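Given next, in structure tokens, is a single chain: the form predicted on its own.
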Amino acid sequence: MKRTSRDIRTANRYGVLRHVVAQSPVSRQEVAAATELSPATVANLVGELLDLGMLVEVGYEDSDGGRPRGLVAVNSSGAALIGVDVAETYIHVELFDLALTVLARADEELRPRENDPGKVVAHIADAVSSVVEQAGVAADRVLGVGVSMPGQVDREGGVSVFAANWDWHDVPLLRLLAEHIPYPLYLDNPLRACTVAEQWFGAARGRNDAVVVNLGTGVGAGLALGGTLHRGVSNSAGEWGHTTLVLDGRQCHCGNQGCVETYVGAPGIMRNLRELSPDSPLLHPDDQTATIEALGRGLMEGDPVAVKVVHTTARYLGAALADLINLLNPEVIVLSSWVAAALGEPLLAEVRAAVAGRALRRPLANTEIVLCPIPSNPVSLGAATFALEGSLASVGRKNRRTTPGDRATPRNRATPRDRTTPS
């Protein structure tokens, strides 16, 4: 899809705000240098963000004997954002200020096979209400709610197109949520959310080409190419978990056999454990979270079964990552999400060794493989930026002095009064 001048201006506005959030306080000249936009363009965009109440003037800095440079900073109390991480076993919601500092959290557990859309929507709505109440934020200060949904999503239409682990097909998620949540809603998936979080605050910051591998119940790879989030023509890029690792291998929820996900996702790791030691006390047959956490503890204690399972898993993961390195030649690969966090450094060391035996020497020499350094939940953090981006897209070229709570309707949102597919 060809980008319009409005799209470009929104992207530039978002880029300016992103840099101010990361470096606050900062001068307009520093923002221009970092974003490679002209000083005049930055001055106009900063003016818009000041008018919206998203930025504030905070004084001056000396400039080597020249005129003092005015400094701007993010107005952290100017508004709030909500990020929702929907996973197969839980829903985690966080409310942020404009500096993307967490002000409140809420969690809802999803029991096995509790995947009815109505029940999932109810859990999300309850958690969103909880964080707003905890933070004491007025409704008109909430810019929006970003929802990360596993699988393939139509972000413009607000539809969960295909969630393999739940067997969801074309679920109008944002329309259903809009019946319970009175804020602008924005949908994407955890691959994009994790990648944006890493670009803002993590290992992909300042990197042009990065891959963020989401290791959870499902598996995928968020892509930032040329410094830009890569979505693909149908917002489906990154479904690396459903590429074939073993011909005629394990059956996958997607309908194929031998997918990467079936060997390195949480259920796949449970199967690795079951095949190695079916009676292991580390195995909790009906609880993947408990099993992965037990493996993590076993690694720390030197349990030989845990060590062997992680070694086997890392061999599969290393082979699949080597393909990404040879194909994309990234600067960094980030292992993210709860499985990577639970297995930690032992998994990372095994993966690096496995990749070294399979990737081509030249691209491998320029690729760093790291664990996600973000201390909070990267998915909910990234999801909150979707709401921020959507809010910025609603800003007109001429702005009156106003507040973030008094704004136009974003073009890709669903509201209780507007439940049709956004244009």
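All values derive from a computational prediction rather than experimental measurement. Heads up: residue numbers just count along the shown sequence, starting at 1.
Just so it is clear, the following notes concern the form predicted in complex with a further copy of the same chain, a form of the same protein that is not shown.
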item: Complete contact of N235, T243 and N256 with a further copy of the same chain in the predicted complex (any heavy atom, 4.5 Å); value: yes
item: One residue of E239, E88, E350, E94 in contact with a further copy of the same chain, assessed in the predicted complex (non-hydrogen atom, 4.5 angstroms); value: E239
item: The single option of D303, E293, E108, E331 touching a further copy of the same chain in the predicted complex, heavy atom within 4.5 Å; value: E331
item: 4.5 Å heavy atom contact, W338 and a further copy of the same chain in the predicted complex; value: no
item: Any non-hydrogen atom of G70 within 4.5 angstroms of a further copy of the same chain in the predicted complex; value: no
item: Contact test in the predicted complex: P363 vs a further copy of the same chain, heavy atoms, 4.5 Å; value: yes
item: Contact label in the predicted complex: A138 to a further copy of the same chain, heavy atom within 4.5 Å; value: no
item: Partner-proximal stretch of 294-302, 322-330, 121-129, 75-83 relative to a further copy of the same chain in the predicted complex, 4.5 angstroms, heavy atom; value: 322-330
item: Contact set, 297-321 vs a further copy of the same chain in the predicted complex - heavy atom within 4.5 angstroms; value: R315, Y316, A319
item: Residue pair R13, N208 - Cα distance in the predicted complex, closer or farther (3 Å or more); value: closer
item: Distance trend in the predicted complex - C-alpha atoms of Q257 and E114, change of 3 Å or more; value: farther
